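Next up: just one chain, as structure tokens, the form predicted alone.
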């Protein structure tokens, strides 16, 4: 039904008000965690706020809006804090807070769920190494692993294929789909065990005193800085409602990565020949596939045309 001109004007006015309110609430706080006193165009924020929020007998318009502004940012920080305990342990609390504010200011939430807050973090860290110096490469590995953990936790799990579903199929035409919750990682540092330990510590936080928590945090930072560089491969996946970090051999990573990028099974396996794996290559690959299928990593067949 076509709306009348007054109705259209009312809707436009409402949309403008909503956008103005969102912009005010989502503006970054000052260094002292207060609302900015100057608006985007240089006017006092109080003058702008007075246009759409009334004061009450206890608070000015500015003070009323500041409550929402601060709570919005505190909520974002809390989510970011909980999503990246490993990165926080490497950087320390203060540098991590600066990183969080820089990242969230330049990459504001654009999703209905705060789960996606860190979707652009790895790219941001690579572009801004000073925020994580002198442990930038270690920070990149941890951020990649922690984002993969988030993906594994709540990405879709399609109906998996069984080992028998692969029997008798033409490898030259067969393309396999890997589960949406599965992420393959090539890492420069052996960070999986470190992150598992940090997450266990976080699980005990509610039972610990502040002093004990501070000691654990300082120990975590020292351990992170002592991590040696070692190229390693991981599959981060979900199994029976739990998230797991499964170490992969180089050949397994190459094969799975090729399949994930759309290669046929035959083409993916051909890439293993150059590795010159010991023993019966065919038997080895069959054993790999039996294990992966048991974990439910494959969910669909897509024959080549």
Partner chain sequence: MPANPFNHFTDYGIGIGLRVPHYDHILAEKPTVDWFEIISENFMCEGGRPLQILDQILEQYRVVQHGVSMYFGSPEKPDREHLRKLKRLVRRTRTPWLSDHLCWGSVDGRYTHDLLPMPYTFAAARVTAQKIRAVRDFLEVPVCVENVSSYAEFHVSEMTEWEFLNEVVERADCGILLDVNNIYVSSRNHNFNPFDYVNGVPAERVAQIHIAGHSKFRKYILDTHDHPVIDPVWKLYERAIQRVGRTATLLEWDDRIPSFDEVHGEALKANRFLQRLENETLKA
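Residue numbers count along the first chain shown, from 1. Predicted model, so just to flag it, every value in this text is computed and none were measured.
The discussion below concerns the form predicted in complex with its partner chain, not included here.
Contact annotation: its partner chain lies within 4.5 Å of heavy atoms from the stretch 69-77 in the predicted bound form, the single such stretch among 184-192, 69-77, 138-146, 86-94.
Although the partner is absent here, residue 64 sits close enough that one of its heavy atoms falls within 4.5 Å of its partner chain in the predicted bound form.
A residue is said to contact a partner when one of its heavy atoms sits within 4.5 Å of a partner heavy atom; residue 114 meets this definition for its partner chain in the predicted bound form. Contact check for residue 58: a heavy atom falls within 4.5 Å of its partner chain in the predicted bound form.
Looking at residue 287, you'd find every heavy atom of it more than 4.5 angstroms from its partner chain in the predicted bound form. Put simply, of 119, 128, 201, 109 only one has a heavy atom within 4.5 Å of its partner chain in the predicted bound form, and it is 109.
Across the proposed site, 17, 51 and 154 without exception bring a heavy atom within 4.5 Å of its partner chain in the predicted bound form.
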